[in-house]
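Let's start with one chain on its own, the form predicted on its own, as structure tokens.
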């Protein structure tokens, strides 16, 4: 099993529902700032490029890399790739050294000031949803169906179907991390 996220940039309307839902589900709708990224406490980073003639939006989150640098640098084994293919954190093993934050080429971990520990996609609420057979909240709330989640090894999964039907990129693919966050950029 290799669970993966897909974001279809060509369908996204930029409403921010995924970001707000992540904040609500995983961080109790706190308005406390994310001290690492700024903005809301969420596991999705919204990057807007103001190119005047054609604004550009990029939604980035943990790539759940198959060759995850955050896992290889972790001195305690707190960061690991689970049997479902997701990169996860065991908080009880984390010593807050921040090596994982430095190693991630995507900058997709952020530091929770109250605990001094890194946070990332997926947080507890979304992991509980997966155990219950549900989709992550960002996928569920998207009004444009721009998001999908599923098993790359299952040809019938929504992710697999959509990967066959679109032009897809992986962010920073040249880093050798084998990210499992796919961005559909066209048909």
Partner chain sequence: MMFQEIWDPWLIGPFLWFAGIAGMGSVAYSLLRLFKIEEKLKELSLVIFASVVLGLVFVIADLSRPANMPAAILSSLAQGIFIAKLTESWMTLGITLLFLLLILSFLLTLRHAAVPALAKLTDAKWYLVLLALIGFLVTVYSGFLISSAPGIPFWNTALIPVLWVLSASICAIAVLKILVHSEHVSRFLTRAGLGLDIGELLALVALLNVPLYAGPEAARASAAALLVGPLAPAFWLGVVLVGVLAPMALGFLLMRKEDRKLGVAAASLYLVGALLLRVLVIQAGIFEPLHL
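Given the structure is predicted, the values throughout are model-derived calculations rather than measurements. Residue numbers count along the first chain shown, from 1.
What follows is about the form predicted together with its partner chain, which we do not show.
Quick check for you: of 24-32, 136-144, 153-161, 51-59, which stretch puts a non-hydrogen atom within 4.5 Å of its partner chain in the predicted bound form? Going by heavy atoms within 4.5 Å, the stretch is 51-59.
Could you tell me if residue 171 has a non-hydrogen atom within 4.5 Å of its partner chain in the predicted bound form? Answer yes; at least one heavy atom of residue 171 falls within 4.5 Å of its partner chain in the predicted bound form.
Considering non-hydrogen atoms and a 4.5 Å limit, does its partner chain approach residue 47 in the predicted bound form? Looking in the predicted bound form, residue contacts with its partner chain include residue 47, since a heavy atom lies within 4.5 Å.
Hey, in the predicted bound form, is residue 3 touching its partner chain, heavy atoms inside 4.5 Å? It does not: once its partner chain is placed as it appears in the predicted bound form, residue 3 has no heavy atom within 4.5 Å of it.
Its partner chain contact at residue 104 in the predicted bound form, heavy atom, 4.5 Å: Result yes; residue 104 sits at the interface with its partner chain in the predicted bound form.
Do any residues of 49-88 have a non-hydrogen atom within 4.5 angstroms of its partner chain in the predicted bound form? If so, which ones, in sequence order? Heavy-atom contacts within 4.5 Å come from 49, 56, 58, 60, 69, 71, 72, 73, 74, 75, 76, 77.
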